[in-house]
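In the block that follows, a single chain appears as structure tokens, in the form predicted alone.
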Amino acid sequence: MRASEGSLVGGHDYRAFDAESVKAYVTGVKDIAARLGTARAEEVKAREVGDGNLNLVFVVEGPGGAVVVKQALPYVRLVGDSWPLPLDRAFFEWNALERQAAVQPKRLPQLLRFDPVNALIVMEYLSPHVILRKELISGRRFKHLAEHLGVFLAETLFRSSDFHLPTARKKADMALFAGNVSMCAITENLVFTEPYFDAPLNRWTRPQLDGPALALRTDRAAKIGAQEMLYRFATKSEALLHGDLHTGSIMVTSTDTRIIDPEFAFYGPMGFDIGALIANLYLAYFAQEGYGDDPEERIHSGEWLLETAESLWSVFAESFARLWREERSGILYSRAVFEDLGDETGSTVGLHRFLKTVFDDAVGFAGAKMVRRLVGLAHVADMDAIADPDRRAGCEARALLMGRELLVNRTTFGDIYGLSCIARSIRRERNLT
């Protein structure tokens, strides 16, 4: 059953599965049972592997194959049932996956089934893929990561924008995803608002990080910067976004990259997805010296992370420029106004000016994302896995300084390489807590 059929998500028949009941569910679905190699529940194994903040995730393995079942819970898993959350996020995730798969099928798991009653998605079990964040913590590097992600971002963002889509289709899609209100509200609160006042769920490494964390509440420039980025988040409907693109939403091998979990999907500013991903690369960069297994190797890993952020933007910009030249068929920068009149230069100037606004937005969003992951509710394992709290707080303080710099001065950086220079300079600092 497909979301496009308009079925309601959840309802009286909804039930949250566990590792036992999910086996009976999947073996009772003919196509899924065929993929597993059996219709007998006792012949399959299931385990719950979800380590995120919101959902249940099961890996179900049979004699002939395996699938992943992702089920939305009616509350925020990180907090519990005191924070209710609509199940319809599964509907928006499925619709986002369908649209992204139509553009970049090699970068997503194969989609197998959407069940609106139980708010769940069944998809391909990716193997031998692993979560990118965990590999970055261990210091691993991936040769094709920046290329894969840069092209994915360019193609999914460009092809869902007014540069490419017919305007009626774009507006219909915007109307559909405008319903993902609850997930947008989480971002609006946790990313742009709560880190800057005494929100009950804020947390950080105490007492080591008390000074920098509490200073945000009286940091007028940072607070204004965060609100300016919130304004862009709330008002720019440029393209269909993943909405929560971080290194925990990416699975990799040495040759392949897949993107998962777009349940925060909505139409917003292109720079948001780019900035979120860059922020996570910078957080991983500042966390490297928190691991003392091989200091010299960690320096090289850190440099690779900065180079990956640089390459990610470069590949995105180059791919976006190619799409601008080859697939610009929407209402924006019409060829009738430029190329058809022999004004290729005007089109190119328009492209460069637009990319500059996307870059400035990405920088600001990266800053906001870094701040929230250090002093807000949901942190990143890159930092949390550093066992020594003093060492962890030092890494976090430097990352927090970087986040503030990007948030406050987002329009002053000439290019992505300037961000790398700032990161290296801050990492050399030692007494920030």
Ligand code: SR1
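Start at 1 with the first residue shown and count on from there. Keep in mind that what you see is a predicted model, and the values were worked out from it rather than measured.
Just so you know, the form predicted in complex with the named molecule exists too; it's not on screen, but the next bit is about it.
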Residue contact check: Ile186 to the named molecule in the predicted bound form, 4.5 Å heavy atom: yes
Contact of Val76 with the named molecule in the predicted bound form (heavy atom, 4.5 Å): yes
Contact label in the predicted bound form: Asp88 to the named molecule, heavy atom within 4.5 Å: no
Interface membership of Trp83, the named molecule in the predicted bound form, 4.5 Å heavy atom rule: yes
Answer option from Leu190, Val117, Leu111, Leu306, heavy atom within 4.5 Å of the named molecule in the predicted bound form: Leu190
In the predicted bound form, the residue from Leu54, Ala397, Val69, Val44 that sits within 4.5 Å of the named molecule by heavy atoms: Leu54
Heavy atom contact within 4.5 Å of the named molecule in the predicted bound form, the stretch among 56-64, 397-405, 31-39, 372-380: 372-380
Sequence-ordered residues of 232-264 touching the named molecule in the predicted bound form, heavy atom within 4.5 Å: Asp244, His246, Phe264
